[in-house]
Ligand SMILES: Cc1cc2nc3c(=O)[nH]c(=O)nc-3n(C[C@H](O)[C@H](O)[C@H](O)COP(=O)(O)O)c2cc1C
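Quick heads-up: it's one chain on its own, the form predicted on its own, in structure tokens.
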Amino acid sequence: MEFRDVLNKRHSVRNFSEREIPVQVLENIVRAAERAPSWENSQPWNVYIATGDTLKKIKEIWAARYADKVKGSPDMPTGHRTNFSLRSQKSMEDFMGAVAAYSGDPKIAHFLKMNEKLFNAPALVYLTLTKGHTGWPIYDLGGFGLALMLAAKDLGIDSIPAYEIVKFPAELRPLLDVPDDQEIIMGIALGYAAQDNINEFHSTRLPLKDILTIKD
């Protein structure tokens, strides 16, 4: 697939089919993502992938936490929306409004239900950093995560990065053998898109004039 096609066709899929991803394919995706740049080639990322029985246990725990209305406690705090810039707050508000309009449901129930189900993904990728990191490794990890999702799309595999995947890190550590010196920063669901109208929704992007400054 041409790079422009990979970039344009990758979008957040919120409901995956039951089709599994072979281990070798998952390894190839991570191997390709390793080409991502990092500060002085520090390569700060660690990758844990849940499939099979481990993934089933995670989904069961998540279902129970949602049923009990347990609040998430991620290793990397999300902050309140008011911590974001006014422009970002407006973008988030417009996004939720667009989802409601697209789905025809102002409560976006199906959209939120997919969060609870961890998008029915056949594989969940967890990206971690060693505790005590500075801002630079977070930047590097973001680049690695994007490279991973683009590598997956190049192989016909869809993705979505989501807070929902990492909101209960204490439950994840024993299941994934994540050491105590690691923070679980981001989760990415991988799989093949199911036949669901929600997967046809594409979020918009800001006009170039709103984000770009070129000085000569």
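For every residue, the number given is its place in the sequence shown, counted from 1. Worth saying up front: this structure is predicted, and the values here are computed from it rather than measured.
There is also a form predicted together with the named molecule; it is not shown, and the following applies to it.
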property	result
Among the candidates 150, 49, 162, 178, the residue which, in the model of the complex, approaches the named molecule to within 4.5 Å (heavy atoms)	162
Listed residue (186, 189, 172, 29) with a non-hydrogen atom within 4.5 angstroms of the named molecule in the model of the complex	186
Candidate site 54, 57 and 168: all three near the named molecule in the model of the complex by heavy atom within 4.5 Å	no
Contact segment among 122 to 130, 67 to 75, 137 to 145, 109 to 117, judged by heavy atoms lying within 4.5 Å of the named molecule in the model of the complex	109 to 117
Close approach of residue 95 to the named molecule in the model of the complex, 4.5 Å, heavy atom	yes
Proximity of residue 203 to the named molecule in the model of the complex, heavy atoms at 4.5 Å	yes
Heavy atom of residue 12 within 4.5 Å of the named molecule in the model of the complex	yes
